[in-house]
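Have a look below at one chain only, the form predicted on its own, in structure tokens format.
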């Protein structure tokens, strides 16, 4: 009997609590807007948190609560923005499909180092100590960005640099906020030309730190106005350009992905050799064109042959 009484009491408390919870759940039930379910269905389902919400369902609730007045989903891009606008009856958010780009081609063979960091295996810690590279803006290569990428689109290859696979990248931007040296940026998915350098140091400092650093010489800007130089580094702001423009760069920092992928441009010696061969042919052609355009020298006097 001494055991049965406590069991009966606990059972009774449980039954009363269950009935009370069921009653109050009905009394205080707040019906959820059916648009939340519709919005969740068309969202990518990445639950990456790049939009500022805990997940896609929370983002859908935020969209309904604020009638679309929240940051656009960076993963869904324009297609999802159009569907959201249709469901909510609002204007389509201005959003562009983007992918991440590691703006560095300074592999171990091309960039100089300050030394080896013993016991430090993360980019954040290495950056606090000044980075193992002479270039304080270059990719450190310990892979902090790899750890936060939800689709495993980033890999640190043999040259010690992180490279993004654009086919796997969903454009969440988590790697951008994780990089301690601001070496990763978001670029339009359809952009075909990139300047693979992040150094904002003066030309002499950049030259000493890396063989493939941008020295802000402005030669690319003279070939195509879509190249813009700011803070000692060039950036391409267009979609594509004449493939021969890349040969204007004296340090071979420009990649045209219609001809060479970013991965091959950074890691493949064969791709680099092909690039050098193409550049040599272009330079010879350019030299011949200049010679042909040069006017004949005027004779100094009537008796001198031209």
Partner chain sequence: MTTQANPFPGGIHPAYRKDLTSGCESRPMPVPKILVIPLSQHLGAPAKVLVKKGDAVKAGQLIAEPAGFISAAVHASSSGKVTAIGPVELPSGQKGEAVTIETDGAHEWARMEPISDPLAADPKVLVERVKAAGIVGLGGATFPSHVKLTPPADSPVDWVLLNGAECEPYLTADHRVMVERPDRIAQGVKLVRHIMGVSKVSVGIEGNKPDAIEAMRKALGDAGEVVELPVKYPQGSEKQLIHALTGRRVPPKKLPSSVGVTVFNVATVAAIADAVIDGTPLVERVVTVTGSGVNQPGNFRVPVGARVLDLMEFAGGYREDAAQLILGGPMMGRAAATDDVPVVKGVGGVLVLSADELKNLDYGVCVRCGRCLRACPNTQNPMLLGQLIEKGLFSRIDEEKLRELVLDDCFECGSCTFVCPSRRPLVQFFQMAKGYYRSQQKRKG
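Not measured: the values here are computed from a predicted model. Positions refer to the first chain, counted from 1.
We do not show the form predicted in complex with the partner chain, though everything after this point is about it.
**Student:** For the interface check, one of 77-85, 190-198, 175-183, 219-227 should have non-hydrogen atoms within 4.5 Å of the partner chain in the model of the complex; which one?
**Tutor:** Residues of 175-183 come within 4.5 Å of the partner.
**Student:** May I ask you to check whether residue 235 falls inside a 4.5 Å heavy atom distance of the partner chain in the model of the complex?
**Tutor:** It does not: once the partner chain is placed as it appears in the model of the complex, residue 235 has no heavy atom within 4.5 Å of it.
**Student:** Is residue 64 near the partner chain? Define near as a heavy atom within 4.5 Å, in the model of the complex.
**Tutor:** No.
**Student:** Taking heavy atoms and a 4.5 Å cut-off, does residue 245 contact the partner chain in the model of the complex?
**Tutor:** No, residue 245 is distant from the partner.
**Student:** Might residue 91 be said to contact the partner chain in the model of the complex, defining contact as any heavy atom within 4.5 Å?
**Tutor:** No, residue 91 sits far enough from the partner chain in the model of the complex that none of its heavy atoms falls within 4.5 Å.
**Student:** For the partner chain, considered in the model of the complex: do all three of 49, 118 and 122 come within 4.5 Å of it, counting heavy atoms only?
**Tutor:** Every residue of the candidate spot has a heavy atom within 4.5 Å of the partner chain in the model of the complex.
**Student:** State the residue from 101, 127, 153, 212 whose non-hydrogen atoms include one within 4.5 Å of the partner chain in the model of the complex.
**Tutor:** Among 101, 127, 153, 212, a heavy atom within 4.5 Å of the partner chain in the model of the complex occurs only for 127.
**Student:** Within 190-205, which residues have a heavy atom closer than or equal to 4.5 Å from the partner chain in the model of the complex?
**Tutor:** Stretch hits, in order: 201, 202, 205.
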